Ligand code: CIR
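Listed next as structure tokens is one chain, alone, in the form predicted on its own.
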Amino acid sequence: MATVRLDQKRHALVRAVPDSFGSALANFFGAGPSDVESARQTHKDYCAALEENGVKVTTIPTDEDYPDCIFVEDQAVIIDGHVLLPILGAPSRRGEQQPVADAIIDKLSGYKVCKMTPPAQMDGGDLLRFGDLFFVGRSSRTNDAGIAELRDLLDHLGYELRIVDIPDNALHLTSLASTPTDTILLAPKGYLEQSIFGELPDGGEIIWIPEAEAYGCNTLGLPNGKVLVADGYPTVVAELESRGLEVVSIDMAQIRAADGSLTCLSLFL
């Protein structure tokens, strides 16, 4: 989930990698993690990159009962003093939420917290912010009822919401797209129609990346002009560097094996 502007990325929640990570769900980019210690090293490198670039990191203890619990992005939507706790599309992951919610409430005193009600379902990974415009993926994890509850919140806050239908061979909207800055959107050819995002606000730009580098389209922009990028996606790197952005590459192989991406691993307060 990317629901904050670059200048708001000052504090991130993450969750440690459990020994059970090898049993994480994997149906799209990955075939399942095979090296938990390598995944832990990636997570360590990720947290270090955030801290080295001015982001405070708070780590929530892991839970061996939930192999996917490192993917905290899915567990909450935080926008302008409001926290929406979704009902995740994968029933096996719903028990991950309470410790994340407790950490948010502890850090964000005074925020208004609400929770989705059935039959609504949504993963935070289906939400993408582009300035004051929001996109939501209608996917195998996010249904129309969930989108309706999200729209109610965004209407209250005065933001526009657009729906992006996610193809069957992808998990989330942020599996395929990201906003490395507040005015740039990365997306892969082949997976999405090039008209699907509609007309962007003045100054906005979509960079279309070759289909073979779809995974690399998930990036994490930081307030200092640097961008975290998964290692191994040269077109993504070239496009970002040509626009004056400094790239920090991270080996995401074991995270990808669990269908996870860079944004999946953090939740910005």
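So that there is no doubt, residue numbering starts at 1 and follows the sequence shown. Just so you know, these numbers come straight off a predicted model, no measurement behind them.
From this point on, the text means the form predicted in complex with the ligand, which you will not see here.
Remark: of stretches 79 to 87, 145 to 153, 114 to 122, 172 to 180, the one touching the ligand in the model of the complex is 172 to 180 (heavy atom within 4.5 Å).
In the model of the complex, the ligand lies farther than 4.5 Å from every heavy atom of M252. Contact annotation for L25: at least one heavy atom lies within 4.5 Å of the ligand in the model of the complex. By the criterion of a heavy atom within 4.5 Å, L13 is excluded from the residues contacting the ligand in the model of the complex.
Under a 4.5 angstroms non-hydrogen atom cutoff, the ligand in the model of the complex lacks R129 among its neighbouring residues. In the model of the complex, not one residue of 176 to 211 has a heavy atom within 4.5 Å of the ligand.
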